[in-house]
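In the block that follows, a single chain appears as structure tokens, in the form predicted alone.
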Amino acid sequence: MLTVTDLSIRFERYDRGLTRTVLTPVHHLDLDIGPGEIVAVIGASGSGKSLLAHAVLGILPDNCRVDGEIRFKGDPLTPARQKALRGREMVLVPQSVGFLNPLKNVGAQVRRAAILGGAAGRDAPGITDAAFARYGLAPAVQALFPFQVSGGMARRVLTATATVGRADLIVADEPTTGLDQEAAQQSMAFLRSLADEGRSVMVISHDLSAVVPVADRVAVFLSGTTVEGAPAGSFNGQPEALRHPYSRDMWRALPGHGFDPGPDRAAGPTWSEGEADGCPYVRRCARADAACADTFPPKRHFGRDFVRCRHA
């Protein structure tokens, strides 16, 4: 359904002296999602997860350059095609509640999304009622404006807005933020049901405990790239089931594993800023050597799984 190959995202900016600076927060990024799959894109804040979502939907700012290839249903996602499919065949559950229109009540926004997604106008009110009920929102909430709802309620409205249509690709950016445990589980269960209908779902999150139980696969992000792609079940066993040291350290840091920070690295190598052009985990990995610091690790495939690590 969706294939991202060697994606890089660059931003250009100029200081007061008109000196041009190029920032590359995303590089060498790979991802694929098949029909009926939930892929959990996991990683720390600032690792490039939301930039990936915006690149797929074509909503990056004008000073941005995108290299690499993004394909949807086998065909390249050109800017024109992104515009034609966005909101219809591809939808975003955004992270920020600022995506809601402050001048319209939330019910009207969900109804409009249903119509844009292919519903007939006469059916949109019933579809909207069902969506609000699904996310535990009382009918009276439909008349409220975004500033009148709580953060958790706004998150549920955003999810309802993105999922009332017939989109084949749903990109959910931190869908459990601001929700209590029960509401978060319900939200993820509904995304699971959409995937079971044959849709593709990308769930962007740093909350492994919420997303991994319902996901099929995980893509582990670090410093703007994917360092591992693996079955979600790899996070349910022992850390040795994961190939990248960063993935294993994420596993150890889960609440159920005692927030273990991983092996002691006090005696490990220390790399200067100038040497860290290679593996993004070079300063934290106990097995890092000079080659790890000098050369970006190639992607090694294990069937559909992959890892970027010289020592895996």
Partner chain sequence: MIRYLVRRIVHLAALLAAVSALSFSLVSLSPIDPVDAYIGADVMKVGPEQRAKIAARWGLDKPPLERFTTWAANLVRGDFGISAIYNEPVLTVIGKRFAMSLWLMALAWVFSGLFGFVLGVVAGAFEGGLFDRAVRFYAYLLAGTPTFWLGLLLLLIFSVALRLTPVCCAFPPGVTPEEATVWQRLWHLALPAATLSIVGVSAVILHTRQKMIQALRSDYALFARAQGEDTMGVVRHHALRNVVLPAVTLQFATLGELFGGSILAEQVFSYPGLGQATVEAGLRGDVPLLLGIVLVSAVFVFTGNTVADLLYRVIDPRIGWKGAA
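Positions refer to the first chain, counted from 1. Small disclaimer: the values here were computed from a predicted structure and weren't measured.
Form predicted in complex with its partner chain: not shown, discussed below.
Proximity to its partner chain in the predicted complex, taken as a non-hydrogen atom within 4.5 angstroms, holds for one residue of 116, 130, 241, 183, which is 116. In summary, among the residues 209, 193, 101, 177, the only one with a non-hydrogen atom within 4.5 Å of its partner chain in the predicted complex is 101. The closest heavy atom approach of residue 55 to its partner chain in the predicted complex falls outside 4.5 Å. For residue 134, no non-hydrogen atom is located within 4.5 Å of its partner chain in the predicted complex, even though that partner is not displayed.
At least one heavy atom of residue 92 is located within 4.5 Å of its partner chain in the predicted complex.
Residue contact with its partner chain in the predicted complex: residue 217 places no heavy atom within 4.5 Å of it. Annotated contact segment (heavy atom within 4.5 Å of its partner chain in the predicted complex): 139 to 147, selected among 222 to 230, 139 to 147, 121 to 129, 72 to 80. Contact with its partner chain in the predicted complex holds for none of 234, 245 and 248, as no heavy atom of theirs lies within 4.5 Å.
Note: the CA-CA distance for residue 96 and residue 63 expands in the predicted complex relative to this form, by 3 angstroms or more.
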